[in-house]
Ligand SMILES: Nc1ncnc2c1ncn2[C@@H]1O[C@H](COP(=O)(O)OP(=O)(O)O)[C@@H](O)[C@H]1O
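Just one chain is shown here, as structure tokens, and it is the form predicted on its own.
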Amino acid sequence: MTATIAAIANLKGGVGKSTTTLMLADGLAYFYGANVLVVDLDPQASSSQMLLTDRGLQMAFDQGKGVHHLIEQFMANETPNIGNLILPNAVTLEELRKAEERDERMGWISILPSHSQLRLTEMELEEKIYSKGMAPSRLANYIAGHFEKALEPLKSLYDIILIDTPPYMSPVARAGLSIATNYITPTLADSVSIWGSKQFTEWVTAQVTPHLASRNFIVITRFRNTKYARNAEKQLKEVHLKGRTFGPNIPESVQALNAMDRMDLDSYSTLRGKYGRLRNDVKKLSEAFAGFLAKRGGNAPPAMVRD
């Protein structure tokens, strides 16, 4: 089986990209027994911090882990070697950890972490390349080729590769989008987010893939069940993002914020303890995404293994 690569992306910031990434990673690993790799291309490193904590993120940096080293390999014209840059244990769920201890692994999460250093590395690369007259789009294509070579030997090891992208279109972000086969677009149900999501999908359709609509999975996050939000949801589904597949709405909840706050690198929570009332929302989100992949005829994760 070859891993499915999905980019979580939107040009609008603050729409829950990293939260959606983690909910999907947890849900697919827990409910489907999927082996998930999170690739964090956002220098803000939110996904990395949520999975690893501040201490874990610094430890990863000190150990030479992280996506910025993959960019440095590109800058040095080296053959990509991603294996040593990945942290193989980014699991926060007690159930998955205990199953691993019993040698009965049924789902796992690894991460190629980000760090604020990534943006500095990006800037160094851009200054070097642009001074030679190369266009950003051409640089993005070269980086995409580097990423593809790096991930190729890993595709048989993972079921799902989730790429968390930044809310801007740097060559690195564009490369991450271009190697994806599916696109997850988190958005809020408000006018500003609708505009941002519309602009993003139009740009991806024009610059990355003309087949975006059939490959696009939309998640409305932090949803408040108000008349205004329901009207915005209707506009998204019937006008601005018509023809896309919509997953379940993720309700606005303090629990969602708490779920993303890992106490320490050595701390674990049960799925119910981590997500509380949102546990069923995590399940519905992973079910809907698995169904979306199966409908597309792509490599869907294994059959559900837990309730």
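Since the model is a prediction, treat every value here as computed from it, not as a measurement. Heads up: residue numbers just count along the shown sequence, starting at 1.
One more form of this protein should be noted, the form predicted in complex with the ligand, which is absent from this view; the next part is about it.
Student: Should residue 291 be classed as touching the ligand in the predicted bound form when contacts are defined as heavy atoms within 4.5 Å?
Tutor: Looking in the predicted bound form, residue contacts with the ligand do not include residue 291, since no heavy atom lies within 4.5 Å.
Student: Taking heavy atoms only, is residue 19 within 4.5 angstroms of the ligand in the predicted bound form?
Tutor: So residue 19 counts as contacting the ligand.
Student: With the cut-off set at 4.5 Å between non-hydrogen atoms, does residue 251 touch the ligand in the predicted bound form?
Tutor: Contact check for residue 251: yes, within 4.5 Å of the ligand in the predicted bound form.
Student: Please determine whether residue 15 contacts the ligand in the predicted bound form, using a 4.5 Å cut-off between heavy atoms.
Tutor: Close contact exists here: in the predicted bound form, residue 15 approaches the ligand to within 4.5 Å, heavy atoms only.
Student: For the three residues 50, 222 and 257, verify that every one has a non-hydrogen atom within 4.5 Å of the ligand in the predicted bound form; reply yes or no.
Tutor: The answer is yes: all three residues contact the partner (heavy atom, 4.5 Å cut-off).
Student: To test your reading of this chain, name the stretch in 265-273, 59-67, 30-38, 243-251 whose heavy atoms come within 4.5 Å of the ligand in the predicted bound form.
Tutor: After filtering at 4.5 Å, what remains is 243-251.
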